[in-house]
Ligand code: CAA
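A lone chain, given as structure tokens: the form predicted on its own.
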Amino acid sequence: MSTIDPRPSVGITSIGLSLPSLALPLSELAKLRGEDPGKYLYGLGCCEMALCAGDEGVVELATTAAERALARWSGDLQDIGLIAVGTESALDMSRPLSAWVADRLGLRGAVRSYEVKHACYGGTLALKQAAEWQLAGASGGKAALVIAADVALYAPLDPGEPTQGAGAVAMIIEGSLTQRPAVATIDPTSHAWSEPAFDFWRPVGEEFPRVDGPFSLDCYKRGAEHCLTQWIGERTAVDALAELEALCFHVPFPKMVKKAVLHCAEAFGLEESEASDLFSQKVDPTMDWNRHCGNAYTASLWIAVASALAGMTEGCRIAAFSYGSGFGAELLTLTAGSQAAEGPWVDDIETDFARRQTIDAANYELLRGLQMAQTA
């Protein structure tokens, strides 16, 4: 006797992205800091960092990404029943960032609105909550607007400075019993792992984060191994990974992702050539946009996912590994929908790359000086 799954097919029906209007080539930062440019370009795998001008910030990035997602969506603003913003760039210790964004959008009424915090993992948690809200039948036929948005800055001369960046990704999450989501279906089963740790944190009242770099890398690698191990299950790693068109990671910087991939490959018994092929074919291409915007914290993974889905054939599967210091990690799997091949959200990235201004070291120092003065 066959059974029919009564749960709706839940996933992403629209994506919008936003990057700020300034960019600093890492070669310029190397010049300013007296470093070999190769340390940043090859040692970290970064090319440019995205920076906000004086009239930009996390609210503007989140709002623009949301407007772009809404503009290419078939629904109306009154069809949104939930707005959740994952961020670690909060403006207030009580008022959620979603309130600022909802105000800009004109979104009010019978809407659940809140902010999610768990370092870079917050955007994924917001997405999971929205998907589970749909699966639970609590949405009342409405859609969720999920936004991952951050501005990542470190103190000048901090080792994390060359990984700085900014960006936002907005996703509309819907469920349906009759049709699959246009962009990607989200598998309701995901694989989480967490351990209490102080690898990256920012105490209340402090402007910049504190980082234990080696420990954070160790936590990141361990989280990836545990999440992938759960997903692989009784299969061989080779067979499981062969099912994926792409494997996306949270991208603090590309070399960190590579170290995690090689660590997991070794733990799963892959040959050196298999590990190299896995990274070059299924991981490295997903980070093309990340290399030119830097670390956008909660948005970083979803920038990579948006890049991977663009141009992908319907039915192809990807995995997405999310990591947030503290630490929490989770692996999701998604299946490309009918709109993925077209990838209209690529226009957002191309527009922002084309319009942004490249600044030099002197203007970077001026910009950071103004930012520091404003927050003093």
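Since we're looking at a predicted model, the values are computed, not measured. Quick note: we count residues from 1 along the sequence shown, nothing fancier.
Just so you know, the form predicted together with ligand CAA exists too; it's not on screen, but the next bit is about it.
Student: Is V211 a contact residue for ligand CAA in the model of the complex, using a 4.5 Å heavy atom cut-off?
Tutor: V211: yes, in contact with ligand CAA in the model of the complex.
Student: State yes or no: in the model of the complex, is some non-hydrogen atom of L44 no more than 4.5 angstroms from a non-hydrogen atom of ligand CAA?
Tutor: Looking in the model of the complex, residue contacts with ligand CAA include L44, since a heavy atom lies within 4.5 Å.
Student: With the partner left out of view, is S139 within 4.5 angstroms of ligand CAA in the model of the complex by any non-hydrogen atom?
Tutor: The answer is no: S139 has no heavy atom within 4.5 Å of ligand CAA.
Student: Does any heavy atom of G38 come within 4.5 Å of a heavy atom of ligand CAA in the model of the complex?
Tutor: Because a heavy atom of G38 falls inside 4.5 Å of ligand CAA in the model of the complex, the answer is yes.
Student: Within 4.5 Å of ligand CAA in the model of the complex, do we find a heavy atom from each of T124, K128 and A184?
Tutor: Verified in the model of the complex; spot residues all out of contact, no.
Student: Among 226 to 234, 290 to 298, 74 to 82, 184 to 192, which stretch has residues whose heavy atoms lie within 4.5 Å of ligand CAA in the model of the complex?
Tutor: Contact-bearing stretch, as computed: 290 to 298.
Student: Of A143, A119, V283, A275, which one comes within 4.5 Å of ligand CAA in the model of the complex, counting heavy atoms only?
Tutor: Flagged contact: A119.
Student: Note which of M256, A265, L107, A197 lies within 4.5 Å of ligand CAA in the model of the complex, where distance is taken over heavy atoms; exactly one does.
Tutor: That would be M256.
Student: Would you give me the residues of 307 to 325 that have any heavy atom within 4.5 Å of ligand CAA in the model of the complex, in order from first to last?
Tutor: The stretch touches the partner through Y323, G324, S325.
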